[in-house]
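The chain below stands alone and is given as C-alpha cells, in the form predicted alone.
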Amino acid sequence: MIIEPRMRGFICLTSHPKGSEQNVKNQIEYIKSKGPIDGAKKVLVIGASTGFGLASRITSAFGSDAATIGVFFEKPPVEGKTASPGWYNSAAFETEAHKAGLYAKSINGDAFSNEIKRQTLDLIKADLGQVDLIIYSLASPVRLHPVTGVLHRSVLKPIGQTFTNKTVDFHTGNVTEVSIAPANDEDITNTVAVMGGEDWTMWIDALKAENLLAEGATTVAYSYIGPSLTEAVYRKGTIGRAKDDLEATAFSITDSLKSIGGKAYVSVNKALVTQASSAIPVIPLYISLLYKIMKEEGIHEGCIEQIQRLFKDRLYSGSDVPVDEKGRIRIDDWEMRDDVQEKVAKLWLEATTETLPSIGDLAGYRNDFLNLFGFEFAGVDYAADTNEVVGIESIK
C-alpha cells in the first residue's frame, strides 16, 4: 500500500515501516559515531519502543554492546492497516541488533500488568540471568491497577486555579489563547497513579524478589521540569505532582537496593516533540521557540543525543554521577541555561500567528512530529508501494 500521514488532532493514524526503519538506523549510526560507552551489558527497557526509551535501548546496544529486553504496548499491523510506530521501530531495532550479533528480545503488552511483569521476569531468568540496568520510560494516559482493578486516567490540568496562556496549533500555525480549568483531588490522585512511581517500584521489587538484579544494578526513570512559562500546566499541575512522586520514589528504591549496592536515579530530560507533549497546551509553542534558539546556539538535541550524553557523561563517565540538590540527574542543563530561557521568554511575548514563522521553528516541530510516525525521512521513497505487515523477530 501507499502509506501517507493521516492526522486527527494531535495524533497521526498511520505510520510508515520504512521511515521507522530509517529512524532507527539514523539513531544507531549516531551512537556508533560517538564511540563506545563503558556501560551496562544486560539491560531491561520498560517503555522501549519510542522516544527516550527507544533511544536508551539503542544506546545500550550499539554504545555498550548490551543484550537488551524491551517491553512496550504497541499495535501490530494487519493487512491494509499500519502498526503503531513503536511496533515498526522495535522490528527495525531487533533486525539491526541481530545483524550486529547482539541479543535482543521484545515483549508486547501492558507493562502495568502482573502478566507482562511475569513474562519479563521469566525471560530474564531464562536468557540473561540478571540485569544491570533497568530503564523505566513508560508514557501512558491510563493504568489498570494490577491489585485494585481500578482504571486510572491521567489528566493535563493546573492545580488551584484556571490557567490561561498562549498555545499554537502546530498543524496550522495559529497562535491562540487557551484556558484550562483546574484539577480536582480525584484528577490529581488518578494522574499520580498513572504517571507516578508506584509501578516503577513494583517492577524493581519483582526483579529483586527473584534475584534478577545484578550487584550494583542501576535503574533510571525519566522526568521533566521545564521553565516558569509552562509550570502552571506542567510542573505545578497534575503531571508535576506525578513527577514529584516519581522523583521521591528514586530515594525509596535506592534504599531497597542497598543490599546489592544498587541505585535509582531520575534523569530530568529536555523538552522534545513526543505524542504526549504535542497534546499539552502551551508546550508546542514553547518547544518551537526553544528549538529556534537552541539550534542557533548549536546546542539542540533530540532523544538520541540526549540519551547518549546521559549515558556517556553522567551514568557511565567513570566517576560519581553528578546530581542536583534533589538528587536528580540534570540532562536538561542546556535547555535551562539562563541565556536560553531569557531569549525564550522574550520571544514568547512577541509570538503571534504572524510572527511565529520567523521567530520560532514550527517547521522543525512539524518535521519532528512526523518523524515520530516514520514520515519525512531523507532516503525513503514515500511514493513506493510498501508492505505494511512487518513482524518483530522475537514476537511470534
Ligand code: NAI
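Numbering starts at 1 and follows the sequence shown. Please read these numbers as outputs of a predicted model, since none were measured by experiment.
One more form of this protein should be noted, the form predicted together with this ligand, which is absent from this view; the next part is about it.
In the predicted complex, no heavy atom of F369 sits within 4.5 Å of this ligand.
By the criterion of a heavy atom within 4.5 Å, L212 is excluded from the residues contacting this ligand in the predicted complex. Heavy atoms of F52 reach within 4.5 Å of this ligand in the predicted complex, making it an interface residue. When contacts are judged by a 4.5 Å heavy atom cut-off, S140 counts as touching this ligand in the predicted complex. For the candidate spot formed by G47, M195 and Y222, every residue has a non-hydrogen atom within 4.5 angstroms of this ligand in the predicted complex. Of the candidates Y88, Y234, F311, W200, Y234 is the one whose heavy atoms come within 4.5 Å of this ligand in the predicted complex; the others do not. Here is the short version: of N269, T120, T230, T191, the single residue with a heavy atom within 4.5 Å of this ligand in the predicted complex is N269. Picking from 103 to 111, 168 to 176, 124 to 132, 248 to 256 the stretch near this ligand in the predicted complex, with a 4.5 Å limit on heavy atoms, gives 103 to 111. Along 236 to 254, a single residue, K243, places a heavy atom within 4.5 Å of this ligand in the predicted complex.
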